[in-house]
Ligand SMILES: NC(=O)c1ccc[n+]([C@@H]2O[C@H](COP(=O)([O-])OP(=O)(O)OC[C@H]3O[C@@H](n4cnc5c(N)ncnc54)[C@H](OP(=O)(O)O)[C@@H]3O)[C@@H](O)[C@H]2O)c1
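Before any questions on binding or motion, here is one chain by itself as structure tokens, the form predicted alone.
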């Protein structure tokens, strides 16, 4: 397949490496700035991605698949690639944080061509063109013809793929994890900051707010979701850095709205109070 990856940061770089490992694809890396090379270091191998780099839509022709891995706030920037890349009707896989994958692009691409993808991958961008994957990657994709076709692109790569009939629950479960990652960004400390008793209690309360809103949105989240989130963080390397913290350290714009703001916004819609997430949004916006 001819596949374009729009946005080659940590996740975009990891996805490109997975497709390189799968083999047989022609890859186009769509970036703002020229990318001389893409090297992905994983626990098992160093992968040098063989791909063409395009910095303007007119440099890229039609493809079979478009994978969007930009920051959530850059939906408009990603969408400007769609007319050239999707000239022959290529579907768009949206691999981003949050629970609004379809909403971000619904006015640019028809619903039948949009595929939300939930990814969990401990990955960090160490520099432009260099990405470090620190553990196993998993993706959750809707169990549909489009989802099966997307999963097939990664045949032969190490990523674990789960086809699910319930993307709402998958997205909100991931959001429960991401929402607590804001504590790392506020403290400016890696994952181990969540391991202490005091911070764990705060993390659990943040998850409780997120889960309550998620249930109102139709997600099936049981009362043990908070403990599963804590267990998730305790399995990670103590010095691992989530993207929110990485962006704050680098002075970049943070995905606060997609990770915590959406909980506040949808909580208001359902009349569910979310004071901790509201405070997180205010503090991260302030810094």
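Bear in mind the structure is a predicted one, so any value in this text is a computation, not a measurement. Residue numbers count along the first chain shown, from 1.
Here the subject shifts to the form predicted together with this ligand, a form of this protein not shown in this document.
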With a 4.5 Å heavy atom cut-off to this ligand in the predicted complex, the contacting stretch among 39-47, 220-228, 253-261, 58-66 is 253-261
Using a 4.5 Å heavy atom cut-off, state whether residue 9 contacts this ligand in the predicted complex.
yes
Is residue 142 close enough to touch this ligand in the predicted complex, meaning at least one heavy atom pair within 4.5 Å?
no
Are any of the heavy atoms in residue 105 no more than 4.5 Å from a heavy atom of this ligand in the predicted complex?
no
Can residue 83 be called a contact residue for this ligand in the predicted complex at 4.5 Å between heavy atoms?
no
This ligand in the predicted complex has a heavy atom of only one listed residue within 4.5 Å, and of 212, 121, 114, 177 that residue is 121
Taking 4.5 Å between heavy atoms as the contact cutoff, choose which of 191, 72, 157, 173 touches this ligand in the predicted complex.
72
Members of 19-34 lying within 4.5 angstroms of this ligand, judged by heavy atom, in the predicted complex:
30, 31, 32, 33
